[in-house]
Structures are given as C-alpha cells and as structure tokens.
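In the block that follows, a single chain appears as structure tokens, in the form predicted alone.
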Amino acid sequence: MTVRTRFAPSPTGQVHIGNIRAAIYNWLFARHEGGQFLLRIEDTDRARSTPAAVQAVLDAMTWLGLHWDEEPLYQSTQTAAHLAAAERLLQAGHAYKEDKGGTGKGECVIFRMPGTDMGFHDEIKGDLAKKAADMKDFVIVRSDGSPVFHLANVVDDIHMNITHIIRGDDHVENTYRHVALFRALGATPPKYAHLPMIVNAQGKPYSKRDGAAYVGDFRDKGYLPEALFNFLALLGWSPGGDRELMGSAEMAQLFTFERVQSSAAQFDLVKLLWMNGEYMRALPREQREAACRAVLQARGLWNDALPADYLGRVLDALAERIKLFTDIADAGYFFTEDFPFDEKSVQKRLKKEGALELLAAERAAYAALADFSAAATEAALRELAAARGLGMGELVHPLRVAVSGTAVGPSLFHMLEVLGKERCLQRMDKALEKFKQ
C-alpha cells in the first residue's frame, strides 16, 4: 500500500499555525513512508474562499517547503460527486429526507447512524469508542442542495485514495461520523491520527490574542521558514534524545506516530526566537547581511556611504542579540545620529548626580586614545574607575546611554569600537550639552 496523506484547508483568510502544523505532520509522515502528500482546497464557502485566501494557503505552504505531489483538488469542483454519493446513501437506506426544523423551506438529507456502538484505532491516542446512544443522525445535504462538510470530506478522501488522515484532535467527534460514512459508501476507512492541540501558557487554545498566530505573521516579523517548520514539528513530536535543530529531510527520516504526544503542546515563543537565531547564524554571512540591509533600507536607516564591512562588524557586535532580521532596526543607533533617547534610561543614568561629570572625564580619557579598540577603551575605563575608586558600572551605564540612547545593548566596548572614536566623542559631547540642565 502506498501511503497517501492530504492537507485540506478551508481558505477563509490567513493560515493558522495549528492548521499548518497538521500539514507539516502529513508531509513528514508521507515522506517518511515514501508516499504522497496531497493538497485539497475545501473552497465550498464561496463568500470567504476568495482567490486571495486560496493564494495565502499556497504561499504559506510554498514558503515552508511543503511541496505537494499532485495537482491540488478544489472541493468546489466535486459537488456533483458529493450529491451522487448522497443519492446512493438514500437509495441504500443509509440516509433519509426531512424538513429539518419544520421551516417549510425544503428537505435536508440526513445520514442515518448505524445505531450500534462504534470504535476506531487512533495512531496517536490509541483505541477510541463511543456508545450508540451518543451518536445522532446528522445532515449531509442542506435544504438548499449544498453538501455539508462531512459528506464532501469523506467523498473526496475516497476519490483521492487517502490512506491516512492526520488532523487536530478537535475532529475526534467528527471521525465517528466519517467512519460510518466510509462504511455506508462501501469504502474502507483510512487510518486516523489526531494531533494534540496547541495551547498558550494558561493551557487555553493558542490564538491571535496570544501573539502572532498565522504563518504570514511570522514571515512578516522576519522568522525563517526553516526555523518555523522545525519549531512547529516539535510542538507535539520528539525525535528522541536532545535533538532540536533539524532540517525537514532529517525530521522526515525520524518521524513516527509513536513519538507524537497525545497531550496538548504549549507554544513557547522564547524557544522559537532562540531557534530562529540559531538558524540565522547558520546562514552564509552574505545572506544575513543582505536580509538585515533590506530591513534597514525599509526603515530609512541605511546609508550607502557606510564602509563595505560596516554591517558585518555591527552584526558581530550584536552577536546573539539578533534573533530576527527585524531586530537590527532596534540597534538603529549604529546607523544614524538621529537616534532617540530612552527617557527612563536618561533619568536613571545621565541625570543622576555626578553622572555628567563622570561622562566628561570619560570623554577626556577617550579623546587621548590613539587606539580605539574594544580592549583599549575597556582598559581606559578601568584605569579611570580605579583612579576614582569607582565600580565599572558607574562609568559604563552613563556612557552607554550617551552613545546609544538606551541602557541595553551589546558589549559596550565592542559597540564603541564599531562606532569609532570620532562618532563616540561627538555623541558624548551631544549628551553633555543636551542633558547639562
């Protein structure tokens, strides 16, 4: 048997990370088994399934490298097959017509559940069962003649020869209905695997209220597709050992249902940021610089007159502080003299009694340096601190705010070296003048 999985999104807007994680698991399992990964666009909601919404799905999958193996099937083209299946169910006594709700607006087609206890084996959750009394008949064709999700879903899975259905565990209840439909249509139900829910820190379903929740959000914020793919794959699955940073091919080789957890998976943005930073630093230097330059240009911070090696030296100074390409904009003081001063930092560090007098002494010490390397600027500051009987912090903090406008940032002395002696002296002069009142 050739394994055939599918991702079947309803394109009604942006692509939620929970849905795309289901696509990733379908892709991983198909590749692990040497099978096919298919795409079905469930576009029967004509009002919301706009061309733009469909394109958003295709773009998200392409960006993440989730390449499908056959032409996508658009569910809206299958309506005749769905209605033909409903007619067969009526003829066989597995369905009946009813003016549901007594509206007088026409008859629905209702699927007749078998009336016996049911069960199925879930590849992740194990054996699941439900009593007959808890399973009610349900609509498969509305009174307006349009097929309902349950019927369309099953008929299309039969048409596409799907062998494994991997989807969120919010579909478990639907699966009992779908298994009954498969059997009533004379088809063998596929194997099912229901994925754990993605939750926030409070254990609630992860949503837009918790931060970025759509693939496009992460792309726009500067995340790398490889990092997001890797992170989402590990939300509910473990390859074993301490392995975390892996390419999609390696994950596909290792993927099994046995290592997919059945309990909810918590979304950890800190871990995703760390992972993205690791992937960024693994990129060729030219690629990292080009992406950061594009951000700076978009923010109006780039200057073509900068030395060719300047951006690379900035990135070296920032080191692990850069976890997203967009983070480079937070260090705008490297690229412009018109940087803002953080008011809290100014109050705490520059308007403190004696701070400007110390800054003037630092300025004099640095003006005398012929070598403005990180080692030389640090040595000069330590000498000044020793001479005045001060701790280094009393000198470091006001100096950092004076040259960058903020109390946080990379290693001060590496920052000074990258900025250069003249710019640092000019900035210290500016701060002394600006805050002398």
Ligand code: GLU
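So that there is no doubt, residue numbering starts at 1 and follows the sequence shown. The structure presented is a predicted model; accordingly, all values stated were derived computationally and were not measured.
One more form of this protein should be noted, the form predicted in complex with the named molecule, which is absent from this view; the next part is about it.
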Residue among Asn276, Asn230, Gln78, Asn153 with a heavy atom within 4.5 Å of the named molecule in the predicted bound form: Asn153
In the predicted bound form, which of the listed residues (Trp302, Phe149, Tyr74, Phe339) lies with a heavy atom within 4.5 Å of the named molecule? Phe149
Is Glu42 one of the residues lying within 4.5 Å of the named molecule in the predicted bound form, judged by heavy atom distances? yes
Within 4.5 Å, heavy atoms only: does Gln14 come near the named molecule in the predicted bound form? no
Since only the chain is shown here, I'm wondering whether Arg167 would be in contact with the named molecule in the predicted bound form (any heavy atom pair within 4.5 Å). yes
Check Lys130 for me: does it contact the named molecule in the predicted bound form (non-hydrogen atoms, 4.5 angstroms)? no
Since the chain is shown here on its own, which stretch among 167 to 175, 110 to 118, 359 to 367, 134 to 142 would lie within 4.5 Å of the named molecule in the predicted bound form, judged by heavy atoms? 167 to 175
At 4.5 Å, heavy atom to heavy atom, what parts of 1 to 18 sit next to the named molecule in the predicted bound form? List them in sequence order, or say none. Arg6, Ala8, Pro9, Ser10
